[in-house]
Structure formats: C-alpha cells, structure tokens
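Only one chain comes next, encoded as structure tokens, the form predicted on its own.
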C-alpha cells in the first residue's frame, strides 16, 4: 500500500493539491530527525508489545522493518522523497508498504504526530546539546591551558577601549573561561529540562489505551516524562532555552573574536593569527585577514536572529499543537550547529594564536594605566583623600603626556612640586614607594583583592578552574554513561521481541 500525495492520514479528506502538499511538507528539514523518528517509533512499538496492546509477532515484524529502514539511513540509501507531509508519514508508509496495513497499520497505535514530533525534537536537541557541551569543554581546556602558558605575560586591560589597568594575558583568558563555564552550566541545565519524554500524550489529552510512558522514557534514556499531556505536545520552551543558551554563548565568543581581530592589527600588534586560520587578499599580497573570526561575529548575529525568530513564532500560537511549530525546527538545527562549529574554531584559535609578549610589555611600560595605583599609594602614604590624589595624579598625567614621557619616569620631587601647585600642600613620597606605585611588575605583586591581576591570585584561580573543569567533564561523562546504559536496555528489549 502506498500513501500517495500525503494520503496515509487522509481518511476523511480527498487527495491533497500537489502544490499545497509541497508547501505543507517538512521533508526538507526532517532529514535532521530521521534517525530520531525511527528510534522513537521503535521504543513506542516495544512499549505497545510489553503492554499487550499489539501482539508480539506483529511487533517483531514492525521492529525488523524499522531496523531495515534505520540501516538504510545509516548507509545513505533512504531519501526523504516527495509525496509525504513529513518524515512521520514517510516512515509509517514504508512499514505499511512492506508489511501491509493489517500489521504495519498498528505501528502508530496510541500515538499522534503531535507527541511524536515533540519527542523527535527533544531527542535531536539532546544530541546537539551534548555535542555543544563537549565542544565547549574542549574550548575551556584550551583557554585554561593557554592561561597557564601566559601566566605572567603582561597586558593592558581596557575599558571604553582605552587603557584602564595593567594585568596579565592569563587573567584575560580566565575571564573568558569563566564566561564559558557559565555557558556550560546553562547547557547542562537546559539538557535536564530537555531530557523528558512527551510520548504518550497522544494528540493533546492522552489515550484510553494503557500506554506505559515511563517505559518509553527509560528505553530512550530520558530522565522522566513531561507529565501534563497538553504541556507535552504544546511546549517548546526547552528549544527556546537551548537557542537562548546558544545565543549567549555565541555572544561571548564574538567578543573574544572582536578582541583578537583588533589586537592582530598592525596598530596594536599584540598577537598574530597562524597562517592556517587567516585568509589572503585577492589583490593585496601583504594581507593577512582574520576572516574566520569575522564570520564568527556574523554567525553570532545569525544565531541571535534565529532565537528572535523562534520567540516570535511562539508568541501567538494557541495552546496545543499548531503547524506553525513546523517552521521552528530548521531554526533550532541551524542555530545549534553554527554554535558548535564556532566553538571548534575558537578552540583552534586560542591554541594556535601567538601573543607578542615584547609588544604587550612595551605597551604596558608606556601606559599611564598605573595612575590608579599611584592614586592609591598617595592615599596610603601621603594621607591624601581619594579626590585630592585623583586631582594630583590627573594633573601629573596631563603634564607627562604633554612632555611625551611615560608615567614610570615620574620623579618624587616633581610629584611634591605638583602637590604644592595643585593642592596647596606639600607631600613627601619616598622614592621606593613611588617606584613601587608606577613600576608595572611591582604593581601587580602588590595587589591584594580577591580575583585581581596578581601572580598569586592568578595561580589560585588557575587551580580552582582546573578543579571546576574536571568536575564539568565528570558530569558530562555521567550523562553520556546514562545514555549508554539506556541504549543497552533499548537494544536488549528490541532483541527480545524481534530476534530472528
């Protein structure tokens, strides 16, 4: 039996208009959930058999037919051909063509495409979230490893893209590692809410058949079920959360990309990309363009747009299942895949980029950024208030800038003379105190605050982040192991019914 022009479900309706069917069909994007649809259907059939809803012999035939289809998918032999509304109709039609409607027609018992597609989307997002989780952890490893290598490589930290304070490359990298660890926490949290089974909700209000929803959830490695059947088929907040987490992650990656792009320019010269991650010009032989990082910025805009589109799609849909949701699937796949590839490219970039320590040190030595430490030294050792010290140091920076001198060239007598002119009072700052306040290497060793750019704090944070990263890897391995155990249970249950 062949469905023909979306005919499998058209018990009441006449044959569908060909152009309308093409407009309606989701086959083009359903390739993404083809394996998930077969896997979910197999779990459903196992449950139907275990509950005595369909005979074991029929269940065995259906499962073997589904396994044949699964193998064809893995071999690239099953194509999502036209004439069907979606992957669900195609798979069921293929089984009915092989087994006849008397046996194959039992496959969909107690199930609607509404809870079926909700299941497929959760399975697919779950897989993509695990890929993102692993890719993010690999980037985190690169950030931590590079921070350890650049432990005391000095650099200017910026606010408003102007020199702010001096610090270390390692602290910059650790800051983005902390961003990423929070991104990973969001992925973990989203995974827990995604990893619930909606199957058994039927169309929207459940079934009169004794469906065992918990068994299906266990077979598929879910942590439980989406209990309320209306919620199970109508909710997509888990998908929106995945897109949101991806958009936040991409935004963080885009900021790193922007920094590297700026710092790789001739004007800064703080770092250099490897040739393998740079692009040439078609006409300018000297160019070394950071095109991959520019594309990452653009892909970030795309992912943000896909999140906005998904939110807009959901905002006006009545509760229950509506076909509008079909258009949300490709936005999910695209956003999560773009994020995954961007994580992988950023990991390579962090591993291979070369920091120009000499240029970074030169920038630090010539900077007026130690002004804040000089201000604090005047408060501690000359008894000035913050505003007095701020006024005096601001005057000195202006004077030195006009003279083309670095702050580190300031002499104690110049500071005392300036205090008399600016504040109307004399101060005495011992030479050794002044030197410690304006010498970059000395400044960073004096910092006392938690999480600051000081060697001891950087080392402490490195150790703490290594521990946090090890724990994050352990949580991922636990999740993956749980899925492996569930898969073993699934295969044993399938073999028990469908053994030849």
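In this text, all values refer to a predicted model and were calculated from it rather than measured experimentally. Numbering follows the first chain given and starts at 1.
A second form of this protein, the form predicted together with ligand ARG, is not displayed here; the remarks below concern that form.
Practice prompt. Could you check which residue among 326, 375, 153, 244 gets a heavy atom within 4.5 Å of ligand ARG in the predicted complex?
Written response: None of the others qualify; the residue that does is 326.
Worksheet entry | The single option of 332, 117, 257, 174 touching ligand ARG in the predicted complex, heavy atom within 4.5 Å | Partner contact (heavy atom, 4.5 Å) among the options: 117.
Worksheet item: Out of 366 to 374, 101 to 109, 316 to 324, 382 to 390, where are the residues with a heavy atom within 4.5 Å of ligand ARG in the predicted complex?
Response: Of the options, only 316 to 324 has residues within 4.5 Å of the partner.
Worksheet item: Is the gap between residue 88 and ligand ARG in the predicted complex 4.5 Å or less for some heavy atom pair?
Response: Yes, residue 88 sits close enough to ligand ARG in the predicted complex that at least one of its heavy atoms falls within 4.5 Å.
Worksheet item: Is there a heavy atom of residue 297 no more than 4.5 Å from a heavy atom of ligand ARG in the predicted complex?
Response: It does not: once ligand ARG is placed as it appears in the predicted complex, residue 297 has no heavy atom within 4.5 Å of it.
Worksheet item: Just to confirm, residue 113 within 4.5 Å of ligand ARG in the predicted complex by heavy atoms?
Response: Yes - in the predicted complex, heavy atoms of residue 113 and ligand ARG come within 4.5 Å of each other.
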